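Single chain ahead, written as structure tokens, the form predicted on its own.
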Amino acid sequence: MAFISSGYNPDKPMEDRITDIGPRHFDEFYPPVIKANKGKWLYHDILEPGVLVHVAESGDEVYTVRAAGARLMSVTHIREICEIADKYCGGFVRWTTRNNIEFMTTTKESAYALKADMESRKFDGGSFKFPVGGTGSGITNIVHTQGWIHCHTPATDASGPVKATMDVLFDEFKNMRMPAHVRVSLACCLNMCGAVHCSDIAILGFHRKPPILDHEYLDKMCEIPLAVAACPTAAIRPSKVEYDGKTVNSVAVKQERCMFCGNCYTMCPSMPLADDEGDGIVLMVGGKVSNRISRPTFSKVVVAFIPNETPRWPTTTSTIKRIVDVYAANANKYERLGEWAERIGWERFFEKCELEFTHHLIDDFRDPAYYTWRHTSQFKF
């Protein structure tokens, strides 16, 4: 009755509809050639690193030039991107899910003129503003989370380690000489909004200590029942605490139950989790979403902890570079990093990559669901 009284007619859902509320329809942002040939593409090819061509049944061609972009961009940088799109692409530009920028043109000549223009643009320090690459059997941009600049629960930064890592992998972004494509991702904490659980190489921020309890202000700043209820492992309970000669309402944390997720800090600012000694990075490898050759797999921990070594994270970046180089030298063509490790055996993987195997890397997860969940899209009886 609510729909009827408001004038909505279910038989004519578009009648008298107000269409200027919410986001515009996505097809308004298609370049004309994409809109005309949607669903009618014959094939595509990678002409060279960062340059693709799609050919439609109609004979129309679309040339795409892909350049790396930062996840956090200044207004002036975005305006420059829009100026390039206006000059070469009729004002159309798109971003990929891994923060790459793609400019599309309809002629090969304009695509290569666009590429030359982008590679000529540099920052005052000499680095590329729009490095072209990130296609095929190479390393594309690193997808990452908020980091210290926005989030309140990170164990490491996002932009800092990603910039440092891409600096050592930059040649592989500009080329396609890997056995298969390599996906690198970063999440700042175990809540993992960066979805690093299925990446070839995953950089994961990790807390190792339970939250600090500020008993003086906890009851004044927090709803204690909310803090207790926010804990997914029931590690928090209400508690009376002696502070400054007085008994105050506070909480207690059962350390062996705490998984350092930071949910309590979300509910209660007097339970901060960040710690300069306890926080650091875990490296995971071998995950993928693709069904090609083998089923989708989760990443495995291969380095249990690396401290936050600001500003360039040298141990993290050198370890990742070593893993990538060994993989490139030893894997078969089309073999993803995890598939190579499975083929040679994980013991051999640790030897070749000069990684230390410790008891921290032994998986003690015994939930039967680990073996019975249908966690692939492949058919099985």
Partner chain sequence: MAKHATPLLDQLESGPWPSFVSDIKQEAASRAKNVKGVDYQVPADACDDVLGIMELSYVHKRTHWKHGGIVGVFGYGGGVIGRYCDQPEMFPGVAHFHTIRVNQPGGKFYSTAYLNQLCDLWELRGSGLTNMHGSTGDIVFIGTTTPQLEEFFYELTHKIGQDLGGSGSNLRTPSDCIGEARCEYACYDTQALCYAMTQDYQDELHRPAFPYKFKFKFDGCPNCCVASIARSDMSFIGTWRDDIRIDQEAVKAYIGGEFKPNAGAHAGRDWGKFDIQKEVIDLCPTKCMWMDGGKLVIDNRECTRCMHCINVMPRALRIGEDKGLSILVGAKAPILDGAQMGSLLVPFIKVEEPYDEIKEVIENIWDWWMEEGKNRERLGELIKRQGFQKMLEVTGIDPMPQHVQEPRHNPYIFWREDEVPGGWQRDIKEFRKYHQR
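The term rigid core refers to the maximal set of C-alpha atoms that superpose within 1.5 Å between the two forms. Not measured: the values here are computed from a predicted model. Numbering follows the first chain given and starts at 1.
The form predicted together with its partner chain exists for this protein as well; it is not shown, and the discussion that follows is about that form.
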Original post:
Can you pick the one in V228, V93, L213, I306 that has a heavy atom within 4.5 Å of its partner chain in the predicted bound form?
Top reply: V93
Subject >> Answer range among 272 to 280, 111 to 119, 235 to 243, 248 to 256 for contact with its partner chain, defined in the predicted bound form as heavy atoms within 4.5 Å >> reply: 272 to 280
Subject >> Any non-hydrogen atom of T317 within 4.5 angstroms of its partner chain in the predicted bound form >> reply: no
**OP:** State yes or no: in the predicted bound form, is some non-hydrogen atom of A70 no more than 4.5 angstroms from a non-hydrogen atom of its partner chain?
**Re:** yes
Subject >> Distance check, Y217 to its partner chain in the predicted bound form, heavy atom within 4.5 Å >> reply: no
Subject >> is_contact(H359, its partner chain) in the predicted bound form, heavy atom dist at most 4.5 Å >> reply: no
Original post:
Going through 75 to 104 from first to last, which residues have a non-hydrogen atom within 4.5 Å of its partner chain in the predicted bound form?
Top reply: V75, T76, H77, I78, R79, C82, A85, D86, G91, F92, V93, R94, W95, T96, T97, N99, E102, M104
Original post:
Rigid core fitted, is the C-alpha displacement of D244 between this form and the one not shown 2 Å or more?
Top reply: no
Subject >> Threshold 2 Å Cα movement between this form and the one not shown for R257, core superposed >> reply: yes
Original post:
Against the shown form, C-alpha atoms of Y30 and P13 in the predicted bound form: closer or farther, for a change of 3 Å or more?
Top reply: farther
